[in-house]
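The data below hold one chain only, encoded as structure tokens and taken in the form predicted on its own.
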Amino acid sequence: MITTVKPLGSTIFERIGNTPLIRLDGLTAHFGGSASDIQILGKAEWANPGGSVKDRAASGIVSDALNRGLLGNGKGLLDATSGNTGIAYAMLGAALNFPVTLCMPSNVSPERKKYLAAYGANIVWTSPADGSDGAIRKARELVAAEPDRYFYADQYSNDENWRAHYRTTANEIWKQTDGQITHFVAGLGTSGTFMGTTRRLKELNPAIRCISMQPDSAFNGLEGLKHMATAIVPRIYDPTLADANIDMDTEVAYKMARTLGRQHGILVGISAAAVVAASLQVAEQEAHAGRDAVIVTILPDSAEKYMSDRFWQEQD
């Protein structure tokens, strides 16, 4: 009997999500008491096939576009990205046979560039000085010039971005913590992860504290995150959903990335290190108040796309 194996394209969506939740107990050991009093748990999104949390939003956006006939039959996907969403789009385009054009700042990591080349995406490079906003403006320019050529995914405005997290990420966290989660912490880029997960978690338990994190200034090294006060604000972003916001210093995030690697054996990306640092701030507040806490954060990706960065060689 011959077993028929499904082509990759028909199963790629099935491989996205259900990522593990890892304990970061070493970070809270100094609080004293039992190890269960204060927990920080990180959702290891690098377990997705494209290596990041952005697989979720990209799959939601692409699935919706395919179902509505907006993509395919020669019409390609166009979007602005700082890297991970672009890699997810490129992976899906290769698996499902549609062309992908991405507008990106030219200073993204060399590793990101290699991934995109391997998947065969077409890249339109924009000025590093303009950041992700420059890439957004370029994408809008391209789709305005050739509207029939592209499906403009527009991850910053597409509701399928946050809905992907509402449907999957939040429910996974709830199940993995047996409903014991007390705090949720996530960074703000497109804001889709925070928006969708927060909306669903608040439905499941309104008492869960949801804390957003963003860079502390417009000029920062937290790739993929937005300083909302100075950036083009994503249409899907609703600042009223956060119970609190933490402004993160780039050097604090770099130091946490080194600490996780050198002292805990966990290599994470820069934005992941930033949310861990933010989660530790929340843990310290709860410990000081004498309260137990189960703090869950999203680790968007691993360190593999950032290993060429110089900060890894610095000494603390």
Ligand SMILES: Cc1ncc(COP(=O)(O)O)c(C=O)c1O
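In this text, residue numbers run from 1 along the sequence as written. Because the structure is a prediction, the values reported are computed rather than measured.
FYI, the form predicted in complex with the named molecule isn't displayed, but the following is about it.
**Q** Taking heavy atoms only, is S279 within 4.5 angstroms of the named molecule in the predicted bound form?
**A** Residue-level check for S279: no, no contact with the named molecule.
**Q** May I ask you to check whether D79 falls inside a 4.5 Å heavy atom distance of the named molecule in the predicted bound form?
**A** Output for D79 is no: heavy atoms all beyond 4.5 Å of the named molecule.
**Q** Using 4.5 Å between non-hydrogen atoms, is T198 touching the named molecule in the predicted bound form?
**A** T198: no contact with the named molecule in the predicted bound form.
**Q** If you check in the predicted bound form, is T190 within 4.5 Å of the named molecule, heavy atoms only?
**A** Close contact exists here: in the predicted bound form, T190 approaches the named molecule to within 4.5 Å, heavy atoms only.
**Q** Should the three residues R112, L225 and Y306 be counted as contacting the named molecule in the predicted bound form, with contact defined as a heavy atom within 4.5 Å for each?
**A** Contact check passed for all of R112, L225 and Y306.
**Q** Among 118-126, 239-247, 84-92, 100-108, mark the stretch whose residues have heavy atoms within 4.5 Å of the named molecule in the predicted bound form.
**A** Going by heavy atoms within 4.5 Å, the stretch is 84-92.
**Q** If you look in the predicted bound form, which residues in 294-316 sit within 4.5 Å of the named molecule (heavy atoms)?
**A** If the 4.5 Å heavy-atom criterion is applied to the named molecule in the predicted bound form, 294-316 yields P300, D301, Y306.
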